[in-house]
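In structure tokens, the next block holds one chain alone, the form predicted on its own.
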Amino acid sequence: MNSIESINTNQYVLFKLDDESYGIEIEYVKTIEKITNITRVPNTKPYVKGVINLRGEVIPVIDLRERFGLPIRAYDNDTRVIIVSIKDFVIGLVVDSSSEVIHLNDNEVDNPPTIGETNTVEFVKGIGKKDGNLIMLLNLKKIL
């Protein structure tokens, strides 16, 4: 008797904040851009850095370091803005660097830990395991 198991595979765009790896489902990523001039918008939360003009489209930008409560770091040549779209809402996420796209099977993803009460944990929907590394898979709906 043959049995066919169905294993779902998802693709994730990887990026770094400090030395930690994070992943966003590729279906939400429109493009990855180098950091550019950001125009401040008054009366916004500190992690909302402002807006950018991306090929004629004005896009709000948030700094994920500040959103997660990590120490602020100056932008450099590795800094990237990941443009994501979720439910017709387009936003840029400032990250330290972006590296690659990976595939993760369902059996390579665990539930997030339930320890602590930091803001970061609520943004994590799973922990990916690839080549001995752990990748925090983000829940974009919670971040936005």
Partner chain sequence: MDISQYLDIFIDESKEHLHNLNGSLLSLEKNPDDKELINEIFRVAHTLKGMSGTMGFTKIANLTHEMENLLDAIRNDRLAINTDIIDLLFKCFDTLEEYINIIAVEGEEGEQDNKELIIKLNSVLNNNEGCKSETSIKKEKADRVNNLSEYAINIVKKAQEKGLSAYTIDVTLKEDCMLKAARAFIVFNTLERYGEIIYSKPSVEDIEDEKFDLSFSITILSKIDENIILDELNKITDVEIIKIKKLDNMNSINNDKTLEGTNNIQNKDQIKTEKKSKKKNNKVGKTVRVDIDRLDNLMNLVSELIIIKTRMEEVGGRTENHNMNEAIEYLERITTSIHDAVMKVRMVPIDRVFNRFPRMVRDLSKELGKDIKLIMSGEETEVDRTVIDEIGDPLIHLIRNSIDHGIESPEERLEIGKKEFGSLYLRAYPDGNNVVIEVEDDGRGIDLEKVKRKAVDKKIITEEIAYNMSKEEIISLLFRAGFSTAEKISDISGRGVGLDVVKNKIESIGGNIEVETEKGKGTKFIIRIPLTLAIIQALLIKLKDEIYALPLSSIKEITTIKSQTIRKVQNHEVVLFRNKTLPIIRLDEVLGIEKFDEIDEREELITVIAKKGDKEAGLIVDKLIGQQEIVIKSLGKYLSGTRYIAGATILGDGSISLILDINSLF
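Source: prediction; values computed, not measured. Residue numbers count along the first chain shown, from 1.
The discussion below concerns the form predicted together with the partner chain, not included here.
71 to 79, 45 to 53, 95 to 103, 24 to 32: which one contacts the partner chain in the model of the complex at 4.5 Å, heavy atom to heavy atom? Among the listed stretches, the partner-contacting one is 45 to 53.
Can you tell me whether Ser85 touches the partner chain? I mean in the model of the complex, with a 4.5 angstroms heavy atom cut-off. No, no contact at 4.5 Å.
Is Leu64 close enough to touch the partner chain in the model of the complex, meaning at least one heavy atom pair within 4.5 Å? Judged by the heavy-atom cut-off of 4.5 Å, Leu64 is well away from the partner chain in the model of the complex.
4.5 Å heavy atom contact, Pro112 and the partner chain in the model of the complex: Looking in the model of the complex, residue contacts with the partner chain do not include Pro112, since no heavy atom lies within 4.5 Å.
Members of 71 to 97 lying within 4.5 angstroms of the partner chain, judged by heavy atom, in the model of the complex: The stretch touches the partner through Asp88, Phe89, Ile91.
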